[in-house]
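This document opens with one chain alone, in structure tokens, the form predicted on its own.
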């Protein structure tokens, strides 16, 4: 009996960069066969994004691409050609699922849209992910997750109230969109199992982002309050912030600290050797502490500035105050919790010897997932996909190769 939750599932991945590929990556982790189609001529953007193995830009060396596409089979194809489009149609006939992230309308121009494909395969499950969805006045807007973050409201909300917006780091909606898309896709597959019917799933990154601002949207609907930037402060807890600590090897380090109630606040004040703050009557309520936010934050910052972030973390956690150093990329490999859960996985790589990717986000007891191999190099599995999966003979493969279709 297979221990893979998605054993036997066949997936055609026509997506690129992050939002689409992360969906296929998760399916591959749990046993699906995922064929990733891309071009070696119009190179996929993620292959050109840092960080790179050895710090040298190389389309076969991007850690981002490697992380988003581990465990997939790689096929290079000229999708603008009729011959290349026919290969895709053959792959659709093989597949249970198609994931794509082209600009809305592009697949229709090639005759590869859902309406056309499902006419010959009514049980096809197809998922399209784009910035604003497949229809509507903003549907043709192209962009990456930073655009989605702006349109969903995050860019306006992140930063300090007296400064320009900072925005979330990186393409935020590229990472939240796949989480919602994945559960919808699995539901569509379960419905197909029960009814034999396919489905078309239209994922809007903007709407996925808005979902994570539901409290702010709901409050506006209730009383008209427009959410504004407030730095690291919180509407409910005081103090609630990130404070500078002593530098380590010339690098700034920070620690996050919060007091959720009066008991934690007093424990924090005592840990800072500030009994005067711990005993003040006006700071015994959250309302009082909110009124004195500037004073409290200055006191915490003055205390943390002379200590290492790890020391602040140790002292406050021992006192029962929630605190943790603000981790950097350098901290992750040594993080004991991530190591215990196998978050980082070393894999053999045909070009680099080995590479590292993140493990599955989901720890299933009976059917645990795992990355099945490094992301494919360009065209790595062309022959395997064409001959073993599609059953093409050597002559047909040669024609495609000589015609420049497999590039």
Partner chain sequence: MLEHLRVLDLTDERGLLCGRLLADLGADVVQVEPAGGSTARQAPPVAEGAAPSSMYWEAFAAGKRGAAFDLDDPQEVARLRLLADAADIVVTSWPRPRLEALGLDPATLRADRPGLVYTVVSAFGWDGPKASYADTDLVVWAAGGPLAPHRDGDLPPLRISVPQAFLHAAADAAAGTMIAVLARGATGRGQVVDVSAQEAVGVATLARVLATAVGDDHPEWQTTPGKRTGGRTDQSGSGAATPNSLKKWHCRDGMVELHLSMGPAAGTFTNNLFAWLRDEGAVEEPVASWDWRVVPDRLVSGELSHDDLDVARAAVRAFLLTRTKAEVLDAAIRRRLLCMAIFDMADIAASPHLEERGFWGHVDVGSTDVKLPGRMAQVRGPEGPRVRGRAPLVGEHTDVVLKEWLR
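Remember, predicted model here, so these are calculated numbers, not experimental data. Numbering follows the first chain given and starts at 1.
One more form of this protein exists, namely the form predicted together with its partner chain; it is left out here, but the text below deals with it.
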>> Between 147, 79, 308, 112, only one gets a heavy atom within 4.5 angstroms of its partner chain in the predicted complex; which residue is that?
In response: 147
> Just one of 302, 242, 291, 248 has a heavy atom within 4.5 Å of its partner chain in the predicted complex. Which one?
Replying inline: 242
> Is residue 333 close enough to its partner chain in the predicted complex to count, meaning some heavy atom within 4.5 Å?
Replying inline: yes
> Wondering, does residue 142 line up within 4.5 Å of its partner chain in the predicted complex on heavy atoms?
Replying inline: yes
>> Can you work out whether residue 132 and its partner chain are in contact in the predicted complex, taking contact to mean some heavy atom pair no more than 4.5 Å apart?
In response: yes
> Applying a 4.5 Å heavy atom distance criterion, does residue 59 contact its partner chain in the predicted complex?
Replying inline: no
> If we take heavy atoms and a 4.5 Å cut-off, which stretch out of 176-184, 80-88, 94-102, 275-283 is in contact with its partner chain in the predicted complex?
Replying inline: 176-184
>> Suppose contact means any heavy atom within 4.5 Å; which members of 3-40 contact its partner chain in the predicted complex?
In response: 5, 6, 18, 22, 26, 30
